[in-house]
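Let us start with two forms of the same protein chain, each given on its own as structure tokens and named structure 1 and structure 2.
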Structure 1
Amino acid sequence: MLSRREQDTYQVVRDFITHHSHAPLLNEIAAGLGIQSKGTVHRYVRAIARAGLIELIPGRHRGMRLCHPPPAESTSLPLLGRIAAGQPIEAIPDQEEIDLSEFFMGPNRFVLKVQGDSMIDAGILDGDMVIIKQGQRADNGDIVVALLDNEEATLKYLQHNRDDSITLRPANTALRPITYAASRVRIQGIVVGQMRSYQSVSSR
């Protein structure tokens, strides 16, 4: 556990290395911390080394290396802006970040891999992953996982009709909506997210 100034020191060292691509002198660290004593800096540096964050090469000038710590599995990416055909990328101020777990995670969720093109016009293609939130409650227009006669599962737009029947509507002009008695349909969950990877296995 590093003290406040030790953490400051670690930050200064890292900043320095990223900017200069070599390690700082003790005096340079001291300047970065706004203090005078290189003896004090040396004490901090040794504490950081003991914590395993850097490696020291004793005696040498600039004798330290970063021990790349566990690459803290981050889950957010910068949201750079909006892209619309025919316009420059509209930058979003304040360097927004988008967090994948916030985007998709939640209780009682699971993922299904989609096979087939029945929802293609809703932008859900063969091979896509859909994130499902478990639950029976769904509103008209939600995309749901519906179980028919406790046998067939299907991914469709949901529509409750006035006569208590249920229409499952595919998003594919080649397929037709079908209406069922409510008793035959069990909603297993609603689609809360969708994702697709374009990374081919070959190209890493």
Structure 2
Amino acid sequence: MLSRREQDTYQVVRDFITHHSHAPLLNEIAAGLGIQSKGTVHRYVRAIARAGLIELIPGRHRGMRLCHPPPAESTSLPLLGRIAAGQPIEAIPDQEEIDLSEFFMGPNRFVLKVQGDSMIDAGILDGDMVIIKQGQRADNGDIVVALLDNEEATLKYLQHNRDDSITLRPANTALRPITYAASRVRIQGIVVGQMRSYQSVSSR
């Protein structure tokens, strides 16, 4: 693990090589770090070389070059089969992987943390994270983020009515749907995904 200053040193070296097409000298790295000690810089440089991020070339002026960057941490998880929520079926491993970046990521998407129990019958519980695709248009039955009177946002099923009013329906039998004039409701986006952790942070 590199220290914060060692990470800063690597960033300075990488940026310098990117902009100048050659490696920096120790005093140029020191300037980039805002320090004066070449000895300190030399120690940082040795550390990032040991980490395999750069290669030092003895006897060569500006004898330093970037190594291939380490591969980014995968955003895929293996799909090891299918499991029934009703009658048991055999869970058979296969070779598929699920790319989480494709599953959750996309243009104009953001995350909201759910508070409250108005959508529990839709499987959206208090504390869940929902992925929202930003937009002002939605169809009947979509779960939407609706902004009421430009003040309060809520997560509900959307229903467009024939009289141009809008009904926001909770997914909780203890709560009642509420109808608003269309002018009071602005759609901010629709739910396209959901995340929930069954493991507390402290137990990881």
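Please read all numbers here as calculations on a predicted model, not as lab measurements. Just so we're on the same page, rigid core means the largest C-alpha set that superposes within 1.5 Å between forms. One-based numbering along structure 1's sequence throughout.
Where's the form predicted together with the DNA, in 1 or in 2?
That would be structure 1, which is the form predicted together with the DNA.
Classify Thr179 as shifted (yes) or not shifted (no) between structure 1 and structure 2, where shifted means its C-alpha moves by 2 Å or more with the rigid core superposed.
No, the C-alpha moves less than 2 Å.
With both forms fitted on the core, check whether the Cα of Asp149 differs by 2 Å or more between structure 1 and structure 2.
No: Asp149 shifts by under 2 Å between structure 1 and structure 2.
Taking the rigid core as reference, does Val12 move its C-alpha 2 Å or further between structure 1 and structure 2?
Moves: yes, 2 Å or greater.
Quote the shift of the Cα of Gly52 between structure 1 and structure 2 to one decimal place in Å, the two forms being superposed on the rigid core.
With the rigid core fitted, the alpha carbon of Gly52 is displaced 6.6 Å between structure 1 and structure 2.
Can you give the C-alpha shift of Leu26 between structure 1 and structure 2 in Å, rounded to one decimal, after superposing the rigid core?
Here the C-alpha difference is 40.6 Å.
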